[in-house]
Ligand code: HEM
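First comes one chain, alone, set out as structure tokens in the form predicted on its own.
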């Protein structure tokens, strides 16, 4: 990490700055607006949850497979694993785990599997975009879903509930500090930032397929 990057807040800040435009673009679609406004249909949301399940299975498997790698292992936080929560939501919305996933979700999962095999340090980008997104903007999406479907408690929104995290803000600070401490070379940091832009594009492809 260069002296300039340390002054700017480290690698986590570099990731945030490098993905601002991609993040904004990913949030501009019709489906995402429907989530925020509480107007999304149950069928569309069920397909979305199924797509996320496909992606998270690949992501979490890849992260665990490289838990011994000091560039990746520190980001394997059991507290944020989402596959079980997504399966609970699938059951609530009546969607079978074995259903055919969206083509865009399959493509995302294949991309993650390829990274795990050839460039595992790039998985950091996907862990970053999903984890901090779920802990931040995801909480706003939860409120939209509760309005749309009249939900109370955790039924149907388990994906957004992190029962093992006592204080979300404290955890996010810890997560960013962990990112800053990863032993990534300058070239690897650049590759992870580039990959994080790709992560937003892959996520956006799923939501745009739904509306």
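All values derive from a computational prediction rather than experimental measurement. Positions refer to the first chain, counted from 1.
Just so you know, the form predicted in complex with this ligand exists too; it's not on screen, but the next bit is about it.
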item	value
Residues 89, 92 and 154 all lining this ligand in the model of the complex, heavy atom within 4.5 Å	no
Option from 114 to 122, 67 to 75, 135 to 143, 80 to 88 whose residues, in the model of the complex, bring a heavy atom within 4.5 Å of this ligand	135 to 143
Any non-hydrogen atom of residue 16 within 4.5 angstroms of this ligand in the model of the complex	yes
Exercise: residue 63 in contact with this ligand in the model of the complex, heavy atom 4.5 Å	no
Interface membership of residue 172, this ligand in the model of the complex, 4.5 Å heavy atom rule	yes
Contact label in the model of the complex: residue 161 to this ligand, heavy atom within 4.5 Å	no
Selected contact from 58, 40, 182, 26, since only one has a non-hydrogen atom within 4.5 angstroms of this ligand in the model of the complex	26
Heavy atom within 4.5 Å of this ligand in the model of the complex - residue from 165, 148, 44, 36	36
In the model of the complex: members of 192 to 211 within 4.5 Å of this ligand, any heavy atom	200, 203
